[in-house]
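This document opens with one chain alone, in structure tokens, the form predicted on its own.
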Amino acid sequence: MTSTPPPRPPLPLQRHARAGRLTAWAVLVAGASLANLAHADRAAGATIARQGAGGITACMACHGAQGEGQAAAGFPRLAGQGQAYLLKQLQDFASGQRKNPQMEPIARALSAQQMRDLSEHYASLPGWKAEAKPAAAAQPAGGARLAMAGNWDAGIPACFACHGPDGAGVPPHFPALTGQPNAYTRAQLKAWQAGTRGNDPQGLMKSVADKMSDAEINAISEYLETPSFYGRRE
């Protein structure tokens, strides 16, 4: 006699199960990440950001005086990102796990303490805030839909499902997305597709980026730079 295997749970329940496993993983790694940030000196980090140190270029030269980034050059916003996320990126640049010809030599020149100090400094700065909401007609087609609802026909989850309401980030490992230069966001999605960036937890971003079309990458990158959140409280 053969037994009939139990039916698979509906797709929404499968998604919730995956989300639960991811949440549990995030909780486990959070303690270790926060421990690495102990004894960070925010003032020392601010000095390195403004002036550099020991031959290290001042961070503000590329990332702006207040960590706001440079949209034209595609340099990302650092202000308001989570401490643990920023520290991990510096560590990954230094180890070569995350590839970038500009950041790798800088990160390798930083001591472990300087990395903690810089992460503390940039995390303490104000994050992105909407100053003026663009008109609905100005928004790239599909960008808002991808951010808020995803494209489940292609297996693409909503960006905000992991990165939090309004894409403001969920520490320790999901960074803020809103306000990032569209050139930066586009470049990162392309890097995950190409396999030249691979420091995302459990390959999550790689699996998402692989399912995105060029049109979807362009739409979400443009939308996240200056999103329009209808009904959002100021």
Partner chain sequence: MSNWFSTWLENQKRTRSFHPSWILLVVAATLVVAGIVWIPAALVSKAEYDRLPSAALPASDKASIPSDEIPAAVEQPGFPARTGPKTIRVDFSPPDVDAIPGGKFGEAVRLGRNIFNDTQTYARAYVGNALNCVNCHLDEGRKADSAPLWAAFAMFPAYRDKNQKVNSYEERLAGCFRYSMNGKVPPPGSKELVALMSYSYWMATGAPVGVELKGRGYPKLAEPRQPPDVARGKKVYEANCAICHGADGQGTQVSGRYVFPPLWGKDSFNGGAGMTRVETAAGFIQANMPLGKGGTLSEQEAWDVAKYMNSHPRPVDPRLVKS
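The structure displayed is predicted, hence computed values, not measured ones. Numbering follows the first chain given and starts at 1.
Below, we refer to the form predicted together with its partner chain, which is not included among the displayed structures.
Note on the interface: of 167-175, 59-67, 46-54, 180-188, the segment with non-hydrogen atoms within 4.5 angstroms of its partner chain in the predicted bound form is 167-175. Contact annotation: Gly195 falls outside 4.5 Å of its partner chain in the predicted bound form, judged by heavy atom distances. Under a 4.5 angstroms non-hydrogen atom cutoff, its partner chain in the predicted bound form has Pro157 among its neighbouring residues.
Taking the partner from the other structure, its partner chain in the predicted bound form has a heavy atom within 4.5 Å of a heavy atom of Cys162. Taking the partner from the other structure, its partner chain in the predicted bound form has a heavy atom within 4.5 Å of a heavy atom of Ala149. If you check its partner chain in the predicted bound form, you find a heavy atom from every one of Leu204, Ser207 and Lys211 within 4.5 Å.
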